[in-house]
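Each of two forms of one protein chain follows alone as structure tokens, named structure 1 and structure 2.
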Structure 1
């Protein structure tokens, strides 16, 4: 536990030293929230665009921090030999992965606060729903995307991780239910899209944060399956160099 907490503090310090990366992951969801809310993008069964857009942008913020920022930073730490030095210490691979996920969660608290603040102050959104279930969705989503990011960073070259992380980010954004419901996508595209972690995450947040919340058990099961798969594979394949 002491090693986990010490490494978590170090990961937070390293993240703050790379403030430009955090700034980008914060700015993109904010810009998309303001843009889509300004043009009134929403499905027909939503009265207010912010009720549909805010959960999706919260999911995007979590995804951008874990899948993109964390994976790229860790991949280049491995490329520059930083992780090789850590591997010579008593720090284990699961402890390093856990510390990076905890540090990612701390950054996401700020992201969520900024997005919710904009929704409340700018668009009159009022908190409602089953917040404990929404928190569970956020925790599962964090583990999923941080696990996927660390899986890439620990097994692939830094340049490959950079390209793949950004490609997955765009793919999840366009096809993963972030800015449009998967059930309204054309043809058979909606079937595999429902199984994507981004889709399950965004839908879980929409259902738990609605005025009449429901418990999205199917989405929770999808997220749980993705989180177990990502963490187990990342722990087994993560290489220090």
Structure 2
């Protein structure tokens, strides 16, 4: 086994040992999906609630893995001197970041499988849409939220990262197009909310996974801009100790 795979396995092990991480990445999206699908929450222009809810919960799950789980774990690794210690081993920093991204994506595969499984089995969702575009949306979303997570973890104190990651998660969940479309928000609030990475991500998934899929190029542009911003700022501000 090479260093990348060994480190990826360690990252997954560390994720599994954080109970609150599993709560926020796995259990919360599942419970919200079941809860809102059961009460039939949907905007007027959707026929079936699951067509609206599933993309939003997929977005929430992918977002939480990078923005919350990865950021808090990495922030505490920095706090405990683990990142510093790894820096004196031959494990290179690109390999370490690569292992973190691979582990994040592995968790996302499980999240997507579980959420899609519940939607299909419990609410009669039939996969439809442009899957390659949806996959591209997931990849862009992964980069955006993992990038924002690493940005916080590398620049802020661990306690600050913990608080801010959870605050952003709640903020995006409630105001960022995850459980309710930003178009239906009151007045001026809808315009900045439209530019949030969470609403661009959730909308991109809704557009690509609908029965008549469209290429969500505006949302892709918004996500690409957030990706570049997160990577540039994170690579300039990241401190290893």
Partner chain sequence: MTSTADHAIVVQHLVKSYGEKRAVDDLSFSVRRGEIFALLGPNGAGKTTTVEILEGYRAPDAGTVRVLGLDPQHDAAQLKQRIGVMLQQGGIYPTVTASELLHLFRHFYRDPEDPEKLIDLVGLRESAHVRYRQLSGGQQRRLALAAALIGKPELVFLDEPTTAMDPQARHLTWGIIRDLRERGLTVLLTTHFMEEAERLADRVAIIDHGRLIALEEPKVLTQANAEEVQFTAPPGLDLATLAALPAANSAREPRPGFYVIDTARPADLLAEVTAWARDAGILLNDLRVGHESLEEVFLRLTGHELRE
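Positions refer to the first chain, counted from 1. Because the structure is predicted, anything quoted here is derived from the model rather than measured. For clarity, a rigid core is taken as the largest C-alpha set superposing within 1.5 Å between two forms.
**OP:** Choose between structure 1 and structure 2: indicate the form predicted on its own.
**Re:** If we ask which form is the one predicted on its own, the answer is structure 1.
Original post:
Against the rigid core, is the Cα displacement of residue 221 between the two structures at least 2 Å?
Top reply: No, the C-alpha position differs by under 2 Å between the two structures.
Original post:
By how many angstrom does residue 7 shift at its CA between the two structures when the core is held fixed?
Top reply: Taking the core as reference, the C-alpha of residue 7 is shifted 3.7 Å.
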